[in-house]
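A single chain comes next, written as structure tokens; it is the form predicted alone.
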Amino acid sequence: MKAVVLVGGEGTRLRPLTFTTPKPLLPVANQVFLERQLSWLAAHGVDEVALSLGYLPDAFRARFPEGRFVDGANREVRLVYAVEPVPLGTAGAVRFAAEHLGVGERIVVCNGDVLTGLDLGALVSFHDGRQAEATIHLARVDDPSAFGVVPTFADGEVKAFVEKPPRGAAPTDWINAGTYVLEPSILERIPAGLCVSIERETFPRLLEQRGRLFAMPSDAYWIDIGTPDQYLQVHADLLAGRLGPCPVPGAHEAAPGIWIQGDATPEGLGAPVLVGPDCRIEGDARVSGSVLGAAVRVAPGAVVAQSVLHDDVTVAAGARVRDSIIGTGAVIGADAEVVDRSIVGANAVVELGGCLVRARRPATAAPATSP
């Protein structure tokens, strides 16, 4: 089976991390996020994936220089790089990438910032059972006002698309979750070389033309990692075992909720926590509810709580990091404080005694749009 993964976005809501690293290549619980997606696809029989690229495409080639990925179960996925000459929108990108696969068969499409436990085989079976041209995975959310809502008939046929309905006015709390099964007839409906949205143009037009468009709801785990809140949430969910007991392949549980990569188990850990290899938690430092990448140093008297620290981060003596994300190689100076969903970019320095708090948007400002 073939798939297209949309990984071309700039990830603006996770800046400054994404100034240097595309969002799909950021680590999630110490594993590159895209590798988690590719493992999920491989587990469901996908053996060839076209990566729809736009932003920092060379970073993907550098990560997978041989054009392939092999997961922990030794399943191999061949990778094809489809670099858009100009932004083509979600539908245009799907068609462009699918052409690079060189096939005239159905494809699976998924967004490069969504982690899910969806049974992809069940979605394909649902699609086949209804002889659909396109099938959409639906996820349930508490507040659908920020998403595209998809009401359906009893058999799953799509009734309508309601884009970002006012709070409390949505006809359903089931949203378009960004995974699709598409027949070649759908690709033929997308104009080549034009910027076209699959959510706002292709699917609604298919509905108007009485095409066979269906949607399957699933209560499987689903999250979009594209905001600081959600990026932190996915780590908390993985530590809580919502996608399986182990947050990352190869880690071992040294004590209940204490997950370790490598041989040594540092002192000063409070469950749940994941600690990468070669980390040092010194003196009376304390780390809890957090994920530390490889070779992180937390100096005496420092506190790290409900945070994500990428590789080679230093948290100096007496510093405090709470509810925040710290990029690779960053330094948090002595007695500094980083709190409240703040993001420190790769190799940045928060000076001794400094304080970093996430900026608040004025109450009257318009909501941020997705990148």
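As the structure is a prediction and not an experimental result, all values here were calculated from the model. The numbering used is simple: start at 1 and walk along the sequence shown.
Below, we turn to the form predicted in complex with a small molecule, even though it does not appear here.
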Proximity to the small molecule in the predicted bound form (heavy atom, within 4.5 Å), stretch among 238 to 246, 203 to 211, 259 to 267, 82 to 90: 82 to 90
Distance check, Q230 to the small molecule in the predicted bound form, heavy atom within 4.5 Å: no
Touches the small molecule in the predicted bound form: T12 (any heavy atom, 4.5 Å): yes
Close approach of G112 to the small molecule in the predicted bound form, 4.5 Å, heavy atom: yes
Heavy atom of L6 within 4.5 Å of the small molecule in the predicted bound form: yes
Interface residue in the predicted bound form among L41, L53, V313, V338, criterion: non-hydrogen atom within 4.5 angstroms of the small molecule: L53
